[in-house]
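Consider the single chain below, provided in structure tokens and representing the form predicted alone.
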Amino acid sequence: MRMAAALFAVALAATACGGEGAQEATATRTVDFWYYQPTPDQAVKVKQLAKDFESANPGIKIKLTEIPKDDYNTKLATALNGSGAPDAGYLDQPQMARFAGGGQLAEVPAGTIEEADYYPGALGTNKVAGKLMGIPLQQTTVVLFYNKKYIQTPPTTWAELIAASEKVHREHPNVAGVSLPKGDGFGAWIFPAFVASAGGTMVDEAAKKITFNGPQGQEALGLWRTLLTSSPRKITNTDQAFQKGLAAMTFSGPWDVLGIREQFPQLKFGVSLLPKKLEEASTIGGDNGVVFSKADNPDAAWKWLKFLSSAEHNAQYADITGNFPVNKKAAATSALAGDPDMKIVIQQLESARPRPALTEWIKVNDDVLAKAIEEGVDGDTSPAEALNAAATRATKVLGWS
């Protein structure tokens, strides 16, 4: 008993000598991380990933908070403006400027990541006014789909795309060359890819000037208008025209690879990079990881986001959630890299471009560009007239006039 008492006393003394430093060393920091509600199977795998992180980072606990995707932005805004704000979470890239402008995001501390490790487009979706406000986690992009019955060699240039479309429709009048984007939010999201391919840009943020109505933008919209001649809407307005074999080509994302395989197994299709004018380009969408300005444990939160986007774990995380990794080294190890169609999507991510990081860009996309596409492709207005009118409206929406 004497020996036991002595050892207990030594232990107490040692603890006392450790003082506040020892208490801090053993304190546990909890990172409340909000993300979209996964499937039950995905949830189990994400929890295991969090446990792996906790094992590698003693003293940090990850609290995974699952939010239905449709409710996410509303719940997040409510939490950030009240109590119960998370430390970190997802943020859809169009929301980056809005939340950063409201002072609700923390800037990524210098040295947290190596920017060169990520696809430039994916990283660019995190930059607001030149500042890195988040870390890309998982993204997707758009490629060319083609029906192998009509297209044996996919076009690689705009000239080849036009020629292929005209050839298909000439030889098969009931088949459209391309199921073209329409004047809606999706079409407006894809349009910048074609502007970039022609060497153009959408805006000049420094000069607060709209640039999508320049010669390159007019070429891009002019391409779609030209394609419309061999791609009549009376054919492509049929629901899922490409999937039903009524259009030889279309522009879409990897979600349709899986959808076609499951629902239209008879369709023999291929995937290739978007045809280019001057340079390869596509659009990009997906989720970034951000740390909120009210975070209780920002340092621990950045460690968690760095872990999810690292070369060692980004492919694992993207595979769990069914998306594409954004870390270039991780992409090569993704399960999707073994699928020939998905491999093309990964390749297209290399040239994908971010949309302008402006608070009101969604309104420009959905209300202004969509209308310009409708007028300049399907209407009686020339691409130049439609885009010039859109530039005037966009200038007002952005408050640049």
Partner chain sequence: MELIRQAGARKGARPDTFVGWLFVTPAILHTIVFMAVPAAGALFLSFTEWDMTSAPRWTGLRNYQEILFDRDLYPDFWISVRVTLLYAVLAVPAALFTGFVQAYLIDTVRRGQGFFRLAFYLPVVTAEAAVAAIWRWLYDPQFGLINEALGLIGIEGPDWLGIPEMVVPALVLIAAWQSGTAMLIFLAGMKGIPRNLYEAAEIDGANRRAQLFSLTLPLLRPTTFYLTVTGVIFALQMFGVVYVLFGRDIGGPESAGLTYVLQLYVSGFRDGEMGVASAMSFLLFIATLLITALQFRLSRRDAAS
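Worth saying up front: this structure is predicted, and the values here are computed from it rather than measured. Residue numbers count along the first chain shown, from 1. Whichever C-alpha set is largest while still superposing within 1.5 Å between the two forms counts as the rigid core.
Just so you know, the form predicted in complex with the partner chain exists too; it's not on screen, but the next bit is about it.
Although the partner is absent from this view, Ser382 stays clear of the partner chain in the predicted complex, with no non-hydrogen atom inside 4.5 angstroms. Mapping the unseen interface onto this chain, Lys234 counts among the residues with a heavy atom inside 4.5 Å of the partner chain in the predicted complex. The closest heavy atom approach of Arg98 to the partner chain in the predicted complex falls within 4.5 Å. In the predicted complex, at least one heavy atom of Ile362 sits within 4.5 Å of a heavy atom of the partner chain. Only one of Thr229, Gln263, Asn81, Thr156 lies close to the partner chain in the predicted complex, with a heavy atom inside 4.5 Å, and it is Asn81. Residue-level contacts in the predicted complex: of Tyr150, Trp302, Phe186, Phe269, one residue has a heavy atom within 4.5 Å of the partner chain, and it is Phe186. The candidate stretches are 67-75, 217-225, 134-142, 86-94, and the one lying within 4.5 Å of the partner chain in the predicted complex by heavy atoms is 67-75. Site residues Lys61, Lys63 and Gly322 are none of them in contact with the partner chain in the predicted complex, judged by any heavy atom within 4.5 Å. Along 366-390, these residues reach a heavy atom to within 4.5 Å of the partner chain in the predicted complex: Asp366, Asp367, Lys371, Glu374, Asp378, Gly379. Shown in the overlay between this form and the one not shown, fitted on the rigid core, is a CA shift at Leu80 of 2 Å or greater. Lys69: CA moves 2 Å or more between this form and the one not shown after rigid-core fitting. With a cut-off of 2 Å and the rigid core superposed, Thr156 has a Cα displacement that falls short of the cut-off between this form and the one not shown.
Three angstroms is the minimum change: in the predicted complex, the CA atoms of Gly103 and Thr201 sit farther apart than in this structure, by 3 Å or more.
Note on Lys69 and Ala188: their C-alpha atoms are nearer in the predicted complex, a change of at least 3 Å from this conformation.
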